[in-house]
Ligand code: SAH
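Shown below, as structure tokens, is a lone chain in the form predicted alone; questions about how it binds or moves come after it.
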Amino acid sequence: MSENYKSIRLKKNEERRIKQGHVWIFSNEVDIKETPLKSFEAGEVVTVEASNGKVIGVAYINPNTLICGRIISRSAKARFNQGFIKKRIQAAQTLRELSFDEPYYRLVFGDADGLPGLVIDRFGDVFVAQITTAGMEKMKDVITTTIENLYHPRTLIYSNETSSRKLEGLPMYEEVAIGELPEEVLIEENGTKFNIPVSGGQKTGWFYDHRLGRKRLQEMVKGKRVLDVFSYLGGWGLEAAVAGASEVVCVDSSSSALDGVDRNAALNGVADKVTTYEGNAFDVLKVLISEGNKYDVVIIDPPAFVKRKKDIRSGSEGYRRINELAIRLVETDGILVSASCSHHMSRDALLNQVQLAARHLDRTVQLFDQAHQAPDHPVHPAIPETEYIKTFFFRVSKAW
């Protein structure tokens, strides 16, 4: 006999966004007189009802958070179990196979793949998962078993050290669930090999989301001097070097990341082209400017300056300042690649900050191409939060 879930009921008209396809339920949308949130456990699976009592889906819930529920299915018959997890991961796998021949990609992208609170990156036979919600944390053993049955991986690691877990009342930890922890794993992206850390690196160890932009960059760098700012392991810079750039400079605040740049440069036979500078990007760029350096291509790919709506003002100023420094380092008629991974920093807002930076320097910028997040980071049209990458390619000229 299938398990019967308790119900939560939404206030009048609060079901509209859910019916349109979004999966988040906010605590102020719940009718707490009919269904008190405090009567539920964190991670409990519930049936969701509209104000008239009609079932509109199944969700898991956390009564202690602003986003108190996440819809996992529109069907009242859905059961959050191993069969459910398996079908969703298999569906995600099928989508990736449309775009990738090699097993290097984000296998599961949370809400956009119908598995809210779960991210899984695949590095060949090594899988790195990250769980960010109490509802998905309760399914961890099921997720482990499902991945083991589907892929027979050499290693599965839970990189559950993201700060967003604190909001859910979850501990931060790293755990090797299957196999042993390798120091590094080898991947290939756009013809470039990278040894990446699966422990101690950023997030899940690699950023697959920018691979389309990096591939586009490779088409325009032959014989060029390239500056890669916020380089991490050198994704942009080393792919440029492999594509024929004459010189690449990588800037990052992490000495371990830059050690990775050096190792990966040697791995790809381009060590003689690559130089690294450790330090705060704003400070390093000011030094490069004071020394009179110029580059044919400058890439700015910072961490999210706007993590929350309330950060928009200060974050926007950060984007303007870093792009202004970058523009000062671009040769006349050279290329600026300006990216943002901040969902709350809209395309138009970022474009405006680059334009403000250019005008302040009496330069003209022409946007001639753009790149989107890679297809292993699908966008759910009803969930704007699943779209976050913006990458602009500008030509930088003297003022017209």
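Numbers follow the displayed sequence, beginning with 1. These numbers come from a predicted model, not from an experiment.
The following text describes the form predicted in complex with S-adenosyl-L-homocysteine (SAH), which does not appear among the structures shown.
Under a 4.5 angstroms non-hydrogen atom cutoff, S-adenosyl-L-homocysteine (SAH) in the predicted bound form has R214 among its neighbouring residues.
In the predicted bound form, F230 approaches S-adenosyl-L-homocysteine (SAH) with a heavy atom inside 4.5 Å. Although the partner is absent from this view, F123 stays clear of S-adenosyl-L-homocysteine (SAH) in the predicted bound form, with no non-hydrogen atom inside 4.5 angstroms. Contact check for D111: no non-hydrogen atom falls within 4.5 Å of S-adenosyl-L-homocysteine (SAH) in the predicted bound form. Candidate site formed by S27, P63 and G135: none of these residues places a non-hydrogen atom within 4.5 angstroms of S-adenosyl-L-homocysteine (SAH) in the predicted bound form. Exactly one of the stretches 67 to 75, 158 to 166, 266 to 274, 230 to 238 approaches S-adenosyl-L-homocysteine (SAH) in the predicted bound form with heavy atoms within 4.5 Å, and it is 230 to 238. For the candidate set T145, N190, Q93, S254, a heavy atom within 4.5 Å of S-adenosyl-L-homocysteine (SAH) in the predicted bound form is found for exactly one residue, namely S254. Taking G83, G244, P303, P171 one by one, only a single residue has any non-hydrogen atom within 4.5 Å of S-adenosyl-L-homocysteine (SAH) in the predicted bound form, and it is P303.
For the stretch 272 to 295, the set of residues having any non-hydrogen atom within 4.5 angstroms of S-adenosyl-L-homocysteine (SAH) in the predicted bound form comprises G279, N280, A281, in sequence order.
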